[in-house]
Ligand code: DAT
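Just the one chain here, the form predicted alone, laid out as structure tokens.
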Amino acid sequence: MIKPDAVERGLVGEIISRFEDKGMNLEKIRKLTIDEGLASRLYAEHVEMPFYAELVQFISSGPVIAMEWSGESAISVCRTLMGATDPKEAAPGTIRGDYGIVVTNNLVHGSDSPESAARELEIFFG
């Protein structure tokens, strides 16, 4: 998913190109604004965390681009392309390393397992 900060900054094309350049295949794409109900489903595992309200506020602050990617080792490849969650720790050449500023607004989200991917794709695409 391309988060609101990246959409606002006009980085959608650049981010999609990085995945395509790596050989990933874009299967589905959808632009939407996440409401509180959808955000609560997306971040259900973080509901007890002190940063939960900030997550919900940020992810619902503007449009996102939800995507489904396929390809060899798609989850690990995409997560490597995204870089470390904290942009200050993300390697140059990664999306967050090149464009990220702060950890709370870190441009992209990627599923960390096949189970997370299935749950998140259901949320976004039914």
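These numbers come from a predicted model, not from an experiment. Start at 1 and count along the sequence shown; that's the residue number.
One more form of this protein exists, namely the form predicted in complex with this ligand; it is left out here, but the text below deals with it.
is_contact(Leu55, this ligand) in the predicted complex, heavy atom dist at most 4.5 Å: Heavy-atom contact with this ligand at 4.5 Å: present for Leu55.
In the predicted complex, Leu11 touching this ligand (heavy atom, 4.5 Å): Leu11: no, not in contact with this ligand in the predicted complex.
Non-hydrogen atom contact Ile16 with this ligand in the predicted complex at 4.5 angstroms: No, no contact at 4.5 Å.
4.5 Å heavy atom contact, Arg41 and this ligand in the predicted complex: Arg41: no contact with this ligand in the predicted complex.
Residue among Thr33, Thr85, Ser76, Ser70 with a heavy atom within 4.5 Å of this ligand in the predicted complex: Checking each option against this ligand in the predicted complex, the one that comes within 4.5 Å is Thr85.
Within 1 to 29, the residues that have a heavy atom no more than 4.5 Å from this ligand in the predicted complex: Contacts from 1 to 29: just Lys3.
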